[in-house]
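Let's start with one chain on its own, the form predicted on its own, as C-alpha coordinates.
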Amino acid sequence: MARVRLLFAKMGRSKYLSHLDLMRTFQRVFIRAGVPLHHTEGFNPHPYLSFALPLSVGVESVTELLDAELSCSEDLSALPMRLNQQMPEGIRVLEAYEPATKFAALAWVAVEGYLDYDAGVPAESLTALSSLFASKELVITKKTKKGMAEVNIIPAIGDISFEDTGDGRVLLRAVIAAQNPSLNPEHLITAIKTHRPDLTPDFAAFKRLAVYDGAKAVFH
(Lines give C-alpha, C1' and ligand atoms only; values in the text may rest on other atoms or scores of the structure.)
Protein backbone atom coordinates (compact mmCIF):
# COMPACT_ATOMS: atom_id res chain seq x y z
CA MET A 1 0.00 0.00 0.00
CA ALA A 2 1.32 3.45 -0.94
CA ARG A 3 -0.10 6.87 -0.10
CA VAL A 4 0.05 9.53 -2.82
CA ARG A 5 -1.06 13.17 -3.00
CA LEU A 6 -2.26 14.65 -6.30
CA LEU A 7 -2.18 18.35 -7.14
CA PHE A 8 -4.73 18.95 -9.87
CA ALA A 9 -6.59 21.71 -11.73
CA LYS A 10 -10.35 21.87 -12.36
CA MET A 11 -11.04 24.42 -15.05
CA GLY A 12 -13.51 25.26 -17.80
CA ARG A 13 -16.73 23.26 -17.96
CA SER A 14 -15.45 20.81 -15.36
CA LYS A 15 -16.14 23.51 -12.73
CA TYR A 16 -19.79 22.41 -12.92
CA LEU A 17 -18.95 18.89 -11.67
CA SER A 18 -20.21 18.37 -8.13
CA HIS A 19 -17.98 16.98 -5.38
CA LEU A 20 -19.68 13.57 -5.66
CA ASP A 21 -19.27 13.53 -9.45
CA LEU A 22 -15.60 14.44 -9.05
CA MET A 23 -15.10 11.56 -6.61
CA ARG A 24 -16.66 9.14 -9.11
CA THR A 25 -14.55 10.60 -11.93
CA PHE A 26 -11.30 9.92 -10.08
CA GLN A 27 -12.38 6.40 -9.13
CA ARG A 28 -12.99 5.61 -12.81
CA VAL A 29 -9.81 7.34 -13.99
CA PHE A 30 -7.64 5.27 -11.63
CA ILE A 31 -9.27 2.07 -12.96
CA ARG A 32 -8.87 3.06 -16.62
CA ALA A 33 -5.23 4.08 -16.04
CA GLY A 34 -4.49 0.67 -14.53
CA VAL A 35 -3.56 2.15 -11.15
CA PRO A 36 -5.21 -0.01 -8.45
CA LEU A 37 -6.61 1.77 -5.39
CA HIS A 38 -6.56 0.29 -1.92
CA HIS A 39 -10.10 -0.37 -0.64
CA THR A 40 -11.74 -0.65 2.75
CA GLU A 41 -12.73 -4.12 3.87
CA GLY A 42 -16.26 -5.38 4.58
CA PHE A 43 -19.49 -5.84 2.61
CA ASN A 44 -19.32 -2.45 0.89
CA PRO A 45 -15.65 -1.70 0.17
CA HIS A 46 -14.78 1.73 -1.15
CA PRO A 47 -11.46 3.23 -2.28
CA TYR A 48 -9.38 5.43 -0.01
CA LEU A 49 -9.75 8.86 -1.63
CA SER A 50 -9.79 12.12 0.31
CA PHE A 51 -10.12 15.65 -1.06
CA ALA A 52 -8.56 18.48 0.94
CA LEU A 53 -11.19 21.20 0.55
CA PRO A 54 -14.31 20.41 -1.46
CA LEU A 55 -14.77 23.05 -4.15
CA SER A 56 -18.09 24.81 -4.70
CA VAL A 57 -19.80 24.10 -8.03
CA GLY A 58 -19.00 26.88 -10.51
CA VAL A 59 -15.60 27.74 -8.99
CA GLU A 60 -12.41 26.97 -10.94
CA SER A 61 -9.15 25.95 -9.28
CA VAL A 62 -5.50 25.31 -10.10
CA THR A 63 -4.62 24.05 -6.64
CA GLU A 64 -6.86 21.11 -5.68
CA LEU A 65 -5.41 18.35 -3.52
CA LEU A 66 -6.43 14.70 -3.34
CA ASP A 67 -4.92 11.94 -1.18
CA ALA A 68 -5.23 8.36 -2.43
CA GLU A 69 -4.01 5.01 -1.14
CA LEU A 70 -2.69 2.73 -3.88
CA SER A 71 -2.54 -1.04 -3.63
CA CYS A 72 1.11 -1.01 -4.70
CA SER A 73 3.96 1.43 -5.33
CA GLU A 74 3.90 3.41 -8.59
CA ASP A 75 6.35 5.66 -10.43
CA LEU A 76 5.02 9.01 -9.18
CA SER A 77 6.85 10.99 -11.87
CA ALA A 78 4.84 9.14 -14.55
CA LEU A 79 1.54 9.02 -12.66
CA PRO A 80 0.18 12.46 -13.77
CA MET A 81 0.57 11.55 -17.45
CA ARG A 82 -1.08 8.14 -16.99
CA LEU A 83 -4.08 9.67 -15.19
CA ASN A 84 -4.39 12.65 -17.55
CA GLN A 85 -4.72 10.31 -20.52
CA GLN A 86 -8.04 9.17 -19.00
CA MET A 87 -9.25 12.51 -17.61
CA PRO A 88 -12.30 14.40 -18.92
CA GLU A 89 -11.97 17.92 -20.31
CA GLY A 90 -10.80 20.52 -17.80
CA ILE A 91 -9.28 18.25 -15.14
CA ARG A 92 -5.50 17.82 -15.18
CA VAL A 93 -3.18 16.27 -12.61
CA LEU A 94 -0.22 18.63 -12.22
CA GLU A 95 1.92 16.73 -9.74
CA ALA A 96 2.02 13.48 -7.73
CA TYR A 97 4.10 13.09 -4.57
CA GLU A 98 4.20 11.48 -1.15
CA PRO A 99 2.31 13.65 1.38
CA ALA A 100 4.32 14.95 4.31
CA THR A 101 1.53 16.88 6.05
CA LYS A 102 -2.12 16.35 6.92
CA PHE A 103 -4.99 18.35 5.44
CA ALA A 104 -5.84 19.53 8.95
CA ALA A 105 -2.87 21.95 8.67
CA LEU A 106 -4.56 23.83 5.82
CA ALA A 107 -5.55 27.28 7.04
CA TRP A 108 -5.85 29.76 4.15
CA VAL A 109 -6.94 29.83 0.52
CA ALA A 110 -5.91 32.41 -2.08
CA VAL A 111 -8.67 33.26 -4.55
CA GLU A 112 -9.29 35.71 -7.33
CA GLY A 113 -12.61 36.79 -8.72
CA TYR A 114 -13.99 38.99 -11.45
CA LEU A 115 -16.84 41.33 -10.53
CA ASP A 116 -18.68 42.33 -13.71
CA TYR A 117 -20.72 45.56 -13.97
CA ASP A 118 -22.92 45.77 -17.08
CA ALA A 119 -23.06 49.59 -16.91
CA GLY A 120 -19.38 49.97 -16.10
CA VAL A 121 -17.53 50.02 -12.82
CA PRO A 122 -19.21 52.52 -10.44
CA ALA A 123 -17.17 55.64 -9.71
CA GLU A 124 -14.81 55.41 -6.74
CA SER A 125 -15.90 51.78 -6.20
CA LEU A 126 -12.34 50.58 -5.51
CA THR A 127 -11.96 53.02 -2.63
CA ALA A 128 -15.41 52.17 -1.30
CA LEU A 129 -14.84 48.40 -1.50
CA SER A 130 -11.42 48.64 0.14
CA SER A 131 -12.93 50.76 2.92
CA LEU A 132 -15.78 48.28 3.41
CA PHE A 133 -13.44 45.32 3.90
CA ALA A 134 -11.11 47.37 6.12
CA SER A 135 -13.88 47.58 8.71
CA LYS A 136 -13.33 45.98 12.11
CA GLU A 137 -16.65 44.18 11.76
CA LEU A 138 -18.56 43.04 8.67
CA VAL A 139 -21.63 41.01 9.54
CA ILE A 140 -23.51 38.87 7.04
CA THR A 141 -26.23 36.24 7.36
CA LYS A 142 -24.55 32.90 6.76
CA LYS A 143 -25.72 29.29 6.79
CA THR A 144 -24.04 27.33 9.57
CA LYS A 145 -24.38 23.79 10.95
CA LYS A 146 -26.96 25.20 13.41
CA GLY A 147 -28.93 27.08 10.77
CA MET A 148 -28.78 30.70 9.61
CA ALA A 149 -26.68 32.99 11.80
CA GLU A 150 -25.21 36.48 11.86
CA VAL A 151 -21.43 36.15 11.38
CA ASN A 152 -18.61 38.70 11.37
CA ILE A 153 -16.44 37.61 8.42
CA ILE A 154 -13.51 40.00 8.99
CA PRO A 155 -11.47 37.45 11.06
CA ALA A 156 -11.77 35.04 8.12
CA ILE A 157 -10.19 37.49 5.63
CA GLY A 158 -6.39 37.47 5.71
CA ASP A 159 -5.93 39.90 2.85
CA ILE A 160 -8.06 41.50 0.13
CA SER A 161 -7.50 43.95 -2.72
CA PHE A 162 -9.41 45.34 -5.71
CA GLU A 163 -8.25 46.40 -9.17
CA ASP A 164 -10.17 48.02 -12.04
CA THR A 165 -9.23 46.06 -15.16
CA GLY A 166 -10.64 48.80 -17.44
CA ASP A 167 -13.21 46.61 -19.20
CA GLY A 168 -16.18 46.91 -16.84
CA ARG A 169 -14.63 44.52 -14.36
CA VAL A 170 -13.10 44.67 -10.93
CA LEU A 171 -10.47 42.04 -10.15
CA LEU A 172 -10.69 40.89 -6.54
CA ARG A 173 -7.79 39.06 -4.91
CA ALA A 174 -8.16 37.67 -1.41
CA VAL A 175 -6.73 35.24 1.11
CA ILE A 176 -9.58 33.73 3.11
CA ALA A 177 -9.99 31.11 5.83
CA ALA A 178 -9.90 27.53 4.53
CA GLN A 179 -11.58 25.75 7.42
CA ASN A 180 -12.69 25.90 11.06
CA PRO A 181 -14.66 27.88 9.96
CA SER A 182 -14.20 28.36 6.24
CA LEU A 183 -15.23 31.39 4.21
CA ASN A 184 -16.75 30.81 0.79
CA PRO A 185 -15.67 33.57 -1.66
CA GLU A 186 -19.37 34.07 -2.45
CA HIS A 187 -19.67 35.44 1.09
CA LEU A 188 -17.57 38.42 -0.05
CA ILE A 189 -20.29 39.21 -2.58
CA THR A 190 -22.92 38.72 0.12
CA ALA A 191 -21.10 41.32 2.24
CA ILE A 192 -21.18 43.80 -0.66
CA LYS A 193 -24.87 43.16 -1.26
CA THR A 194 -25.61 43.61 2.43
CA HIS A 195 -23.58 46.73 3.17
CA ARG A 196 -23.03 48.43 -0.22
CA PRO A 197 -25.87 47.25 -2.48
CA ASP A 198 -25.02 50.05 -4.94
CA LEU A 199 -21.70 48.23 -5.62
CA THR A 200 -23.21 44.78 -6.11
CA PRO A 201 -21.81 43.30 -9.35
CA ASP A 202 -24.14 41.94 -12.01
CA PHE A 203 -22.02 38.77 -12.15
CA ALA A 204 -19.09 37.35 -10.22
CA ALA A 205 -16.89 34.30 -10.79
CA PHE A 206 -14.05 32.96 -8.66
CA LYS A 207 -10.94 30.82 -9.05
CA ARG A 208 -8.90 29.14 -6.30
CA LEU A 209 -5.19 29.91 -6.79
CA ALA A 210 -3.25 28.47 -3.85
CA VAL A 211 -3.62 26.90 -0.42
CA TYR A 212 -1.54 27.85 2.62
CA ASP A 213 -0.79 26.59 6.11
CA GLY A 214 -1.21 28.65 9.27
CA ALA A 215 1.99 30.62 8.55
CA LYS A 216 0.67 31.41 5.03
CA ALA A 217 3.36 29.24 3.44
CA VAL A 218 2.32 27.22 0.39
CA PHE A 219 0.83 23.91 1.54
CA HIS A 220 2.11 20.69 -0.03
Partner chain sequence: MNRQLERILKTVQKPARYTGGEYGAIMKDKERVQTRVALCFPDTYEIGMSNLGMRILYAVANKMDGVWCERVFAPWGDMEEAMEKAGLPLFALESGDPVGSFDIIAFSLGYELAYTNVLNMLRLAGLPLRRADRPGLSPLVIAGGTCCYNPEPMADFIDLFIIGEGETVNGEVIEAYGRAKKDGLTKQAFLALAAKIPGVYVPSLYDVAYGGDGTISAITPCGGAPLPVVKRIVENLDDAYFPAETIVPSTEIVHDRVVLELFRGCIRGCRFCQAGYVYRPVRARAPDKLTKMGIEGLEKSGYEEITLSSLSTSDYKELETLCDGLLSWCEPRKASLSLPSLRADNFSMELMRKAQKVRKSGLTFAPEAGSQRLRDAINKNVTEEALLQTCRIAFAGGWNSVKLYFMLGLPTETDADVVAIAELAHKVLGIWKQHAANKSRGVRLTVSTSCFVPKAHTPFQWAGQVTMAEYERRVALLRDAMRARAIVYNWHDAKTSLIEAVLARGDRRIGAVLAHVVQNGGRLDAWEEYFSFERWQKAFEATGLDPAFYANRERLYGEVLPWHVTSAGVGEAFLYGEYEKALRAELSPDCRTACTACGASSLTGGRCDG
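What you see is a predicted model; the values in this text were computed from it and never measured. Residue numbers count along the first chain shown, from 1.
The form predicted together with its partner chain exists for this protein as well; it is not shown, and the discussion that follows is about that form.
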Contact at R28, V57 and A205 by its partner chain in the predicted bound form, all three, heavy atom at most 4.5 Å: yes
Which pick from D116, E112, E74, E95 sits with a heavy atom within 4.5 Å of its partner chain in the predicted bound form? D116
Which among 173 to 181, 159 to 167, 48 to 56, 29 to 37 is in contact with its partner chain in the predicted bound form, heavy atoms within 4.5 angstroms? 29 to 37
If we define contact as a non-hydrogen atom of the residue within 4.5 angstroms of the partner, is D21 a contact of its partner chain in the predicted bound form? yes
Distance check, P88 to its partner chain in the predicted bound form, heavy atom within 4.5 Å: yes
Using a 4.5 angstroms cut-off on non-hydrogen atoms, would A210 count as touching its partner chain in the predicted bound form? no
Look up in the predicted bound form whether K15 has a non-hydrogen atom within 4.5 angstroms of its partner chain, and give yes or no. yes
